[in-house]
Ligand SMILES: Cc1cc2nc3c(=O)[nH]c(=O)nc-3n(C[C@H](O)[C@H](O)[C@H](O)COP(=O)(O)OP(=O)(O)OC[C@H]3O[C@@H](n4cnc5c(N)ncnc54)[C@H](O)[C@@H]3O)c2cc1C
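The data below hold one chain only, encoded as structure tokens and taken in the form predicted alone.
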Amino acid sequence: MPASRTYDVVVIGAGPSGSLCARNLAARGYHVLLAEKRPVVGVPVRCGEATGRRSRLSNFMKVNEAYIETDLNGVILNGPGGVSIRYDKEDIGLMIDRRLFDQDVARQAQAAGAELCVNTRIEGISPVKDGVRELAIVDEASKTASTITARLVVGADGVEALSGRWVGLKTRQLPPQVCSAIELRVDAMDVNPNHLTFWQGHDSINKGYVWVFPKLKSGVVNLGSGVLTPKLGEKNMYDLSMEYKNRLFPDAKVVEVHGGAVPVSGNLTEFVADRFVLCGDAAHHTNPLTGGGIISGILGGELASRWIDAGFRNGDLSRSFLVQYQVDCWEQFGKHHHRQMSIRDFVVELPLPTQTAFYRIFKDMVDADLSLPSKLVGYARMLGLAAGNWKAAKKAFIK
């Protein structure tokens, strides 16, 4: 149970976004509670575990080699019509162990002075009264219920977040903008151990993708599939993932199976209220094209901590002040995510012949190492005209 009954800030959820936000605020001298409903931070892992470059991650923290699994040096994308695109480049990203990574960031929050409480479930948030919000909490170990108060609450409670709804925000996961995913941890190593490999398109899985992500240090691969909410009767993600596992690694053992949902709607329209902010998956700070959310979640936590600190210093934790955090998120990564969503929607709506042509053009560009920004507009125009869908192409590829 929490050691205190009153806090400056209560952060709900000890994922990377929540823990980083808690760390930054505690380091600035605020009395912070980091509440995690599970008994162990980072468990179970529900993530492909691929993230950005070391240099990107090091903008937010000292990179700990203990959680680095693989240095990634390329991407292989298998599209329709047998088109395979291979892109080789040093240091395009990292595979990490999310269990160790999440625990490392939570320890950073503790080292900065935040109080970490596991087995601590938040079950409700009151309206603002006398400058605080009251939170109903339950100790999951003893099933003891109590209340605490906070001058501000951060909802970092992930894709299944309820905190935003409790304060009146519209945070529901709408079926057309949710990716259902299953991942198998397979006791095998891929033939391309430093590359991320994908299958996408009408020949495999159109409104989603299949992936193989190698974890070199652990000697396993993460193999999974995710799709925008499938129609009734379509193949489920577990069966599809097992189909690829049996094809690629027929004799390998499946060590673990994880599943979940991924928000791929782009940033929520509203994710702040009086004395309340959302960050990470709870605010849909997830790339709608790839489903990746580690770096954007961390950045969301960083920006949240800056604007919360500014609000405290200005004596203003109202929605009208905190909305500047929303604007900052939009400028930093929201606009990019919106454009990525447009690209996704454009590609998945192409009929098979045009989609195959698109992948062939994209392959030619990668193979020739052409300048992507300068060439993509021309190719998009040509493809859009060929598909009779220039408006969609323009929306997808031109800012």
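As the structure is a prediction and not an experimental result, all values here were calculated from the model. Residues carry their position along the shown sequence, with the first being 1.
Keep in mind that the form predicted in complex with the ligand is missing from the display, and what follows is about it.
* Taking 4.5 Å between heavy atoms as the contact cutoff, choose which of G74, G291, G113, G81 touches the ligand in the model of the complex. => None of the other options qualify; the answer is G291.
* Interface residue in the model of the complex among K335, K363, R28, R46, criterion: non-hydrogen atom within 4.5 angstroms of the ligand -> So the residue touching the ligand in the model of the complex, by this definition, is R46.
* Does the ligand get within 4.5 angstroms of any non-hydrogen atom of R121 in the model of the complex? -> Yes.
* Would L33 count as a contact of the ligand in the model of the complex, using a 4.5 angstroms cut-off between non-hydrogen atoms? -> Looking in the model of the complex, residue contacts with the ligand do not include L33, since no heavy atom lies within 4.5 Å.
* P193 near the ligand in the model of the complex, any heavy atom under 4.5 Å? -> Heavy-atom contact with the ligand at 4.5 Å: absent for P193.
* Any chance A252 has a heavy atom within 4.5 Å of the ligand in the model of the complex? -> The answer is no: A252 has no heavy atom within 4.5 Å of the ligand.
* Of these, 283 to 291, 126 to 134, 321 to 329, 268 to 276, which stretch puts a heavy atom within 4.5 angstroms of the ligand in the model of the complex? -> Looking at the partner contacts, the answer comes out as 283 to 291.
* Asked: Considering only 1 to 36, what residues come within 4.5 Å of the ligand in the model of the complex, judged by heavy atoms?
  -> Residues within 4.5 Å: I12, G13, A14, G15, P16, S17, G18, A35, E36.
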